[in-house]
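A single chain, nothing else alongside it, follows as structure tokens in the form predicted alone.
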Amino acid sequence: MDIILKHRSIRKYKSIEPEDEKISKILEAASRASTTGSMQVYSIVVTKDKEIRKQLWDSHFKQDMVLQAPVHLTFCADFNRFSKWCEQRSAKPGYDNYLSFLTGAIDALLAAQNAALAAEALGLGICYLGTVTWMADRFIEILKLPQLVVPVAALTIGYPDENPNLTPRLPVEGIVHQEVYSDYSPEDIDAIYQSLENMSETKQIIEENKQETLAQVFTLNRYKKADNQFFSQKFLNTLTQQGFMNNNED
């Protein structure tokens, strides 16, 4: 429990490579994650090669932890393996649709969280990278992913070379609903975000981005509408390319 509550994203790593035994334990932990229908419709690509990691770094918008961390794990929604198994057992697969992609993505993210917790339990640091979905087409090319395989998340893993403060989180009562969803009043929103907005670090971020509120930093600087729309269409095109958008009845 302490490991979960003390999670930190590590962006600086020592050059020491994690022991093979530890990586094996991390991957085994990932394989034991909850999964839809016990299908395990995900795959994990382990990348240690420096040249390949350099290509991944470029596609992760050149975030330096990708070059520093000795191990990079890419978690993929994967119905390629399961569909081939069905075909080899005289069963006709029907998993070339969006729901199947979503099923595989959920499986992959559950496995990723298990891997992250296992790595931290073994004294390693991790950083979750969501940029995989922004540049999925490029990761498919670099990692040679076949049809019905789409990357959805990545982790950098290595020995930490920093000990950052815990990242602030919203209060539990701000995200938990009892019995049914209770929509937020303006007063609820103010209370939930008050602590975050009053932090000195937050005020510095607002100033650096030349905005008036933290919400404006998110909507005008970090995750702009135009970018969201562009990368949404890009990702939908990738899903089509990888064979996950056959959503019409035959």
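All figures in this text were calculated on a predicted structure; none of them were measured in a lab. Don't overthink the numbering: it's just position in the shown sequence, from 1.
Omitted from view is the form predicted in complex with a further copy of the same chain, to which the following refers.
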message = By the heavy atom within 4.5 Å rule, which residue out of Glu208, Asp49, Asp58, Asp64 makes contact with a further copy of the same chain in the predicted complex?
response = Asp49
request  = Tell me, yes or no, whether Pro164 is in contact with a further copy of the same chain in the predicted complex, where a contact means a heavy atom of each within 4.5 Å.
outcome  = no
message = Would you classify Trp134 as touching a further copy of the same chain in the predicted complex, given a 4.5 Å non-hydrogen atom cut-off?
response = yes
request  = Indicate whether a further copy of the same chain has at least one heavy atom within 4.5 Å of a heavy atom of Arg32 in the predicted complex.
outcome  = yes
ask   = Just to confirm, Asn198 within 4.5 Å of a further copy of the same chain in the predicted complex by heavy atoms?
value = no
request  = Check each residue of 9-39 against a further copy of the same chain in the predicted complex and list those with a heavy atom within 4.5 Å, in sequence order.
outcome  = Ser9, Lys25, Leu27, Glu28, Ala29, Ser31, Arg32, Ala33, Ser34, Thr35, Thr36, Gly37, Ser38, Met39
